[in-house]
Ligand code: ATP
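Next up is one chain by itself, shown in structure tokens, the form predicted alone.
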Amino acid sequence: MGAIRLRAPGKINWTLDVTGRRPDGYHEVEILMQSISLWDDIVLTECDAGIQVCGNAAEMPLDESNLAAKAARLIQDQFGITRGIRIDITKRIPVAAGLAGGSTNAAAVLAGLNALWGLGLSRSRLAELGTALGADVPFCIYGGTAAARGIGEKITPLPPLEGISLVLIKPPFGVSTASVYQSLKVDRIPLHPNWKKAYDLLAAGNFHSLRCHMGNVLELVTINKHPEIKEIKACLDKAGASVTMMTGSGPAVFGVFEAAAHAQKAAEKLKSVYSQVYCVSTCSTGVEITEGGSL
């Protein structure tokens, strides 16, 4: 029986804008997305039949409702594969945080089974398949830095923004992405972020000018439900962040720091207040096979 090991990075959004709502209920978005150095480890091992999910996080479902299991089922059904697969997930990315933890696991399963079963699918084809699983899955296939449009499936890779230091805080509750989007009044969005300007400033290292151009239109919706997010942003500001923002539908919040040493110092201080604090940096890749094959 074959096996393969993958690294599945989480993501943040530098900007998140919603430009409309489609008749099918999905929202049209423009997002500047970024992979970060906080990842889950995935091991895929062939078995005789079925799909098994094992993991180390109490909040993570271990049945076929898990997005990773849905990805495996999708591959089996699309290509008529009867072999089974065991999916072992060592989770480091917080669950229901806006960091694409479930989506990156699904992307890893798509990429891993493509290699394990010799399907020969391109990244673009894997991303196309991933669209059926979730809006963030296509980006997680590509990773790095990218603009996402449509419902998130139209990915434009950009020169990666590597090595930017971040402090990430996940409060002790999760958020339903569907609930946040349902509560968003698209026609009442007060300010739309400029992802192109934000990208240029980030690439130039001009972090202090980012406040005028970064933005997440879901932030006010989630803050109305969970005002603790505003407190976290204030704590990161006080700790020296150049700019702070909630990622995705939340509730995780990140602060951008000019130097890794400053970020590490801030993270150590904030750990006395919050239990889930991560000092991470931006990275240039999405899901990666670390043992047993290649993408």
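Note that residue numbering follows the sequence shown and begins at 1. Predicted model, so just to flag it, every value in this text is computed and none were measured.
This protein has a second form, the form predicted in complex with adenosine-5'-triphosphate, left out of what is shown; the following refers to that one.
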Partner contact for Gly215 in the model of the complex: adenosine-5'-triphosphate, 4.5 angstroms, heavy atom: no
In the model of the complex, Ile75 touching adenosine-5'-triphosphate (heavy atom, 4.5 Å): no
Any non-hydrogen atom of Gly50 within 4.5 angstroms of adenosine-5'-triphosphate in the model of the complex: no
Heavy atom of Leu236 within 4.5 Å of adenosine-5'-triphosphate in the model of the complex: no
Option from 266 to 274, 61 to 69, 236 to 244, 27 to 35 whose residues, in the model of the complex, bring a heavy atom within 4.5 Å of adenosine-5'-triphosphate: 61 to 69
Position in contact with adenosine-5'-triphosphate when the complex is considered in the model of the complex, options Ile223, Val95, Ala203, Ile189, heavy atoms within 4.5 Å: Val95
Heavy atom within 4.5 Å of adenosine-5'-triphosphate in the model of the complex - residue from Ile141, Ile85, Ile89, Ile169: Ile89
Heavy atom contacts to adenosine-5'-triphosphate in the model of the complex at 4.5 Å, residues of 172 to 207 in sequence order: Thr177
